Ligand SMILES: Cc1cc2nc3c(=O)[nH]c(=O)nc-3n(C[C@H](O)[C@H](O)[C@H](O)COP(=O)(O)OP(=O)(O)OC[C@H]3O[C@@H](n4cnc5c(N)ncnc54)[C@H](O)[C@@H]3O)c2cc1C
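Only one chain is given next, in structure tokens, and it is the form predicted on its own.
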């Protein structure tokens, strides 16, 4: 009988995991807490070359590439308009493609449509609240609406505020606020000297601002504001116009186009507290495992959240394909992934700290970008390659006929 995996979370890691498991011969159903969303709103993110490489292993990269636009470099400036450096966002894949910027909603849609076209089933409005572990093995997911689903294993792809993580380990750490609140928007019809397809990121006197000209000539932008966490009540009491006015005020004294871009644009994401997840001691227990932001959420500053989730999903599927038990597959997956992802999370935390204004920051930044933030220095992040045909089982578990059983 074909084994079944329960995937909790239908964002980025979930659909990729389902497609990877399918390729590995394991049936998967994705359970998403929220109703199916069709609104074209929200922030933009980067899918770097290492994330695209993971999708290439599943022949799932082309629709994602088509939904985004190329962004291969970042130009960094300070609030006085001085150029600090130019940083690559990955190299080039064999087909010539490179890192892209894509709206989160468009990435979700591309992955969802691709997964469903391959026969993956999604169920929406399924918020996980508990799990049961029958004596004979496997796992039963219990949802808020009173329904249940059973499978051989459960994969938590439910983000930085993961329920699965807490069910695996009630003492697991929560997401850590990184001291920055995120805003994002889009501006049409405004001409700037910015080079198309190159992110221009500005270390302003009071906040951090980034903008890029997309393939249609519009401006995608975001602002990171250093401050305490924004409460639910403050968010509800503040209008979009008030947030815009606040942002304009923050950048008025800078010698940059930030204030003008914000004033002419539409605010699409407001007051989004930014979290990371430095180290989670326990990634798996019994038939349950966490991947992506549920296990290791980097700060958005790293530009690696989506790409690491894609890597996780593919590598976990390979481990489940190649290992003789679920327990061993989870152990091999963790051994292959933990050091890399936690190093990237740590780098992202340092980058977030660099966004906080200060004299020392402006003094040392040019040296950092000249000597330490280079394509060669970042190659360990962006040049990561997944060979789908490689066997990931430990030497003691390689067998002619690999089976998938609960230990």
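Numbering follows the first chain given and starts at 1. Everything numeric in this text was worked out from a predicted model, so none of it was measured.
Unshown form predicted together with this ligand; subsequent notes refer to it.
For this ligand in the predicted bound form, the listed stretch (258 to 266, 314 to 322, 156 to 164, 189 to 197) containing residues with heavy atoms inside 4.5 Å is 156 to 164. In the predicted bound form, residue 380 stays away from this ligand, with no heavy atom inside 4.5 Å. Proximity of residue 65 to this ligand in the predicted bound form falls outside the 4.5 Å heavy atom cutoff. Contact check for residue 32: a heavy atom falls within 4.5 Å of this ligand in the predicted bound form. A residue is said to contact a partner when one of its heavy atoms sits within 4.5 Å of a partner heavy atom; residue 13 meets this definition for this ligand in the predicted bound form. For the options 56, 28, 45, 345, the one in contact with this ligand in the predicted bound form, meaning a heavy atom within 4.5 Å, is 45. Taking 106, 285, 118, 127 one by one, only a single residue has any non-hydrogen atom within 4.5 Å of this ligand in the predicted bound form, and it is 127.
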